[in-house]
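Only one chain comes next, encoded as structure tokens, the form predicted on its own.
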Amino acid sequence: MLEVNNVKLKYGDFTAVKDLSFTIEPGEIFGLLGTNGAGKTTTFRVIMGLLSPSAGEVLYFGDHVGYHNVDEIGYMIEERSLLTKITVKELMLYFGQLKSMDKALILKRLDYWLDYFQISDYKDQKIKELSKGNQQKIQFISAIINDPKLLVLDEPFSGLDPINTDLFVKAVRKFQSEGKMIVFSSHQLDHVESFCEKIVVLEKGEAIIQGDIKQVKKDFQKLTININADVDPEHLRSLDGVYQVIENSDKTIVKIESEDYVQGVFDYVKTCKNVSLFDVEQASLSEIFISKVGGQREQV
């Protein structure tokens, strides 16, 4: 288990992280979100023991996290940080030995993951000769070569096509099934929504959204109704609780303040012709993120 307890981190007079607390259980994927400069990278460094908090503590299976835990942690940063003038094999031997691995085990795991990502032929190629997508795969392999118990992934799907994204997703799910703890950050909130059970959203170093995703969505209250029928958009806009109506080519999207207003919309739609869809869904994580983060910034 990873426990972050009332962590604060300051750079001089600037507070980068404010009283942050959360826990991650083995086999859990935890979403750490926020806009650029919100404090995500600082938080990553604190939970890996690279930075010491100004106050509070980070516990890794009950003990304070630190350099002695480095062999059990994997970190894939958003920016590519590969040594481009050496080969894939040389790079993995370098990273693996930094994690106290012997050469035979490094090469065994490298062969497994190169085969998984269908790039075995690139083992002896220099990093600079690979495409950006394949460099992304190599960076991911470098983060997991030591089979970490705690895996931190910052924008792992950046620049990947759908097929390779699916390979990454399956790899992350594999680690989850093995009981690893995964901290996941992405600006692609649909990935976060499909992956994570719990999230923290940071803004200026402070958690403004926190908890189980299902509960976060329930607490937000606002709902979306998807309609396919011969409706009058202006009439929909006039209904109580409706704050937005979007007319798409295949459906009409109605945003309402809470479930209290579903019945009023339904009562109108059932009077319309050619009704083939009336679907009520909770707000997306992206919608909640924009609402909460935008609201925080408007207060400044």
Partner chain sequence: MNKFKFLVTFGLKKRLFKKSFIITNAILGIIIIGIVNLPSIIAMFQDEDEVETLEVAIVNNSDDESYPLEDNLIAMFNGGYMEYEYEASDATLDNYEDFWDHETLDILLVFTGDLDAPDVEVYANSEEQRSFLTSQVQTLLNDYQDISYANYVIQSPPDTGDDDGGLNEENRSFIEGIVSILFLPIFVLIIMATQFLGVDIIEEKSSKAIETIIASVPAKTHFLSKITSSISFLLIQSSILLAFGILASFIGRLLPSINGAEELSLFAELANRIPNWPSLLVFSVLFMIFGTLLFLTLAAFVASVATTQEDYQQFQAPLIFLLLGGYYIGIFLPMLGADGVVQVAAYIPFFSTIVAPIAYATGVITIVESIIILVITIATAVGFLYIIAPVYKVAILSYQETRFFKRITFYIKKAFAKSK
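Positions refer to the first chain, counted from 1. For clarity, every value in this text was computed on a predicted model and none was experimentally measured.
Separately, the form predicted together with the partner chain exists; it is not shown, and the next lines address it.
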property	result
Contact residue in the predicted complex, from 82, 208, 229, 216 (heavy atom within 4.5 Å of the partner chain)	82
Candidate from 117, 75, 195, 157 lying within 4.5 Å of the partner chain in the predicted complex - any heavy atom	75
Interface segment, criterion being heavy atoms within 4.5 Å of the partner chain in the predicted complex, picked from 166-174, 217-225, 85-93, 180-188	85-93
Contact label in the predicted complex: residue 48 to the partner chain, heavy atom within 4.5 Å	yes
4.5 angstroms heavy atom contact with the partner chain in the predicted complex for residue 131	no
is_contact(residue 97, the partner chain) in the predicted complex, heavy atom dist at most 4.5 Å	yes
Proximity of residue 71 to the partner chain in the predicted complex, heavy atoms at 4.5 Å	yes
